[in-house]
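Okay, here we've got a single chain as structure tokens, the form predicted on its own, with questions on binding and movement later.
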Amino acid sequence: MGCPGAGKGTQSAKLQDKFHLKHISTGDVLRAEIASGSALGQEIAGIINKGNLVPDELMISILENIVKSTDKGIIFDGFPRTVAQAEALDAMMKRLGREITEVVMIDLPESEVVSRITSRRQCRKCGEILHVTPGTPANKCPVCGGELYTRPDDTAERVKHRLEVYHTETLPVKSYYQNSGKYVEIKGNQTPEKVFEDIVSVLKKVK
């Protein structure tokens, strides 16, 4: 968990490699559906482009199909974002004979959020996400040479709205999990390497 730009995707990818887990990024799942051009994808695009959250029933249905397809341990990245989603996730996992073992919150001061997100670029060709230095031209991906672009939800206007949504709908999830005894908070304003080290220390204690 964490606010937009906290580094959830970066850390999830690292954890997937280290512990051989299945990384489920709701953002990637939704973007893939949008890219498919399906009716569902078009519906999702309309919701996301307004800076709003995808309805709970729809998100749970999409995720349940993915969870059913693997017997690996799972990292949920970007989900749940509301208390209702957290409750639905618990119910879904119970139906599938699984459970949430740990909830990691990457805590990042909002002063860093906007600069992090607005400097983010994604490659149209390989999907690589990277950060550019403000004022520095960055048009080509250093990985494959593809065109870099700013995703619609990474503009300054969208970031402001996403933070408003985060405070009103997502932050209450923190209280929900704090009461579960599975919640831990990691400082996000450290180097990615130190954040990763702290998360690994926490997960190694999970029995």
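From a predicted model like this one, the values you see are computed outputs, not experimental measurements. In this text, the rigid core denotes the largest set of C-alpha atoms whose superposition between the two forms falls within 1.5 Å. Start at 1 with the first residue shown and count on from there.
What follows is about the form predicted in complex with a small molecule, which we do not show.
- Just one of G146, P172, P152, G27 comes within 4.5 Å of the small molecule in the predicted bound form, counting any heavy atom, and that one is G27.
- Contact annotation: of the candidates V67, C141, V54, V159, the single residue with a non-hydrogen atom within 4.5 angstroms of the small molecule in the predicted bound form is V54.
- Taking the partner from elsewhere, R81 is found to have a heavy atom lying within 4.5 Å of the small molecule in the predicted bound form.
- Within 4.5 Å of some heavy atom of the small molecule in the predicted bound form lies at least one heavy atom of R31.
- The candidate site formed by I48, M59 and Q85 is fully in contact with the small molecule in the predicted bound form, as each residue has a non-hydrogen atom within 4.5 angstroms of it.
- Once the rigid core is used as the reference frame, the Cα position of G73 differs between this form and the one not shown by less than 2 Å.
- Relative to the superposed core, Q122 undergoes a C-alpha shift of no less than 2 Å between this form and the one not shown.
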